[in-house]
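Before any questions on how it binds or moves, here is one chain, the form predicted alone, in structure tokens.
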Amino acid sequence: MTSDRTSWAEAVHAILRDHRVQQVPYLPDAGLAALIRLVSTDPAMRAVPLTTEEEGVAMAVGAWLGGQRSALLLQSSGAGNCINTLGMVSECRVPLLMLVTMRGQWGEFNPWQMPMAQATGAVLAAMGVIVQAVERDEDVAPVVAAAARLSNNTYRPVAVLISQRVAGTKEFGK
């Protein structure tokens, strides 16, 4: 793991703490592994592994209704699984911060990742999610901080799409 990836994960973890995020549902992901480790060891946060992405949207709604904030961590290939539940978030004006690591971009080996990678931003936007993309390591923390403020202040879902160039490229068999 590069020091850049560790540093942006540390910066994002600090932002989540600053925004009083208490619940962090996630799908296991190599690009978010450092952040997931930080959240898992933070006594002020509860990291919750999921079996499917839409569970994370439902958990975020439950957290909000219970007076807590959450952030959902997932891959672009799973964003399509959330479409019906994102309609509820938009209609009910639930603040939802999503950190989405992109697949099907920079050096992808798996052709099955390509369709959703090409559609992620447009599909999320069509469901009322505000989409902000990050292409460089040094932009991750400021974009996540702005997205957290935007989501919490306007009661809207905001997704930060973290480029595969930033999150890292997987190799077949590794």
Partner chain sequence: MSARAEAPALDRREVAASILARRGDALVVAGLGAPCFDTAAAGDHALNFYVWGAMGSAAMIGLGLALAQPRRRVIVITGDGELLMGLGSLATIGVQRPDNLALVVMDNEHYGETGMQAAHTGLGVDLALMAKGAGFAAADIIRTREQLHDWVPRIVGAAGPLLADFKVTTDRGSPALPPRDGPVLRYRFRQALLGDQVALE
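Residue numbers count along the first chain shown, from 1. Just so it is clear, the structure is predicted and the values come from calculations on it, not from any experiment.
Beyond what is shown, the protein has a form predicted in complex with the partner chain; the following relates to that form.
Using a 4.5 Å cut-off to the partner chain in the predicted complex, not one of Trp106, Met116 and Glu135 places a heavy atom inside that distance. Of the candidate stretches 35-43, 116-124, 141-149, 63-71, only 63-71 contains residues with a heavy atom within 4.5 Å of the partner chain in the predicted complex. When contacts are judged by a 4.5 Å heavy atom cut-off, Gln23 counts as touching the partner chain in the predicted complex.
Though the partner is left out of this view, Asn81 does not reach within 4.5 Å of the partner chain in the predicted complex, counting heavy atoms only. None of the heavy atoms of Pro28 is located within 4.5 Å of the partner chain in the predicted complex. Gly128 falls outside the set of residues with a heavy atom inside 4.5 Å of the partner chain in the predicted complex. Using a 4.5 Å cut-off on any heavy atom, none of the residues of 109-133 reaches the partner chain in the predicted complex.
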